[in-house]
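Shown here is one chain on its own, the form predicted alone, set out as structure tokens.
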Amino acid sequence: MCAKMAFQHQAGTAMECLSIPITLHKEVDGDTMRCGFKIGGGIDQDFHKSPQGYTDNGIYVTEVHDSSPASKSGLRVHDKILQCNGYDFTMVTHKKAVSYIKKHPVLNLLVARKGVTST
């Protein structure tokens, strides 16, 4: 997507937006638990190389699979994950974010969504 989908937010600074709470219950598939979404970004990534055009080092949802727990919970592509189970995702590496998401069966997310400022 294009750069206008991004927030232009500096990691670690205050951001004025509506935080949208999302609770995602992973589904069990054999020995794994699936959530049905992919992320991009992180403080260790060069956002200038982002194929989605993001303009900061936040953790963004880059893909949501149809009929997945993520889709059913209301998570959308380009949502910026601010918190996961109370853990601050605004100053996290990509690897740490992936690890944190993988280890919890239920994800209580706070996301910011471009263009959403009120309920």
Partner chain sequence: MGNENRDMETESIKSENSSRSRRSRGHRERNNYRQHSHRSTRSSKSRKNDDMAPFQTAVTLTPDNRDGQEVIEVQILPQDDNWGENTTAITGNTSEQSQSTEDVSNWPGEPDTGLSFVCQRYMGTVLTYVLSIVAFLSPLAMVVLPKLGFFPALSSRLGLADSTKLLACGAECKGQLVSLAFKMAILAVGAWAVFLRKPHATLPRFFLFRAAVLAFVLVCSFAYWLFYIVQVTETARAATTPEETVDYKALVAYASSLTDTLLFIHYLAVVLVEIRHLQPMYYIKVVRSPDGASRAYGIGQLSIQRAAVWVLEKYYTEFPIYNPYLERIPVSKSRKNSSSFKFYEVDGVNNTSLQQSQSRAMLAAHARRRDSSHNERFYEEHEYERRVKKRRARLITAAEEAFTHIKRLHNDQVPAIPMDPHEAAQAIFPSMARALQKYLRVTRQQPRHSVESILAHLANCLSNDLTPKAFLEQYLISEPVLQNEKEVKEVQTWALICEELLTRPIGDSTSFQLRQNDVSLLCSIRKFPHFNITEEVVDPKSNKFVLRLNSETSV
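All values reported here derive from a predicted model rather than from experimental measurement. Numbering follows the first chain given and starts at 1.
A second form of this protein, the form predicted together with its partner chain, is not displayed here; the remarks below concern that form.
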property	result
Close approach of I101 to its partner chain in the predicted bound form, 4.5 Å, heavy atom	yes
Exercise: C35 in contact with its partner chain in the predicted bound form, heavy atom 4.5 Å	yes
Touches its partner chain in the predicted bound form: S71 (any heavy atom, 4.5 Å)	no
In the predicted bound form, L82 touching its partner chain (heavy atom, 4.5 Å)	no
Within 29 to 65, the residues that have a heavy atom no more than 4.5 Å from its partner chain in the predicted bound form	C35, G36, F37, K38, I39, G40, G41, Q45, K49, Q52, T62, H65
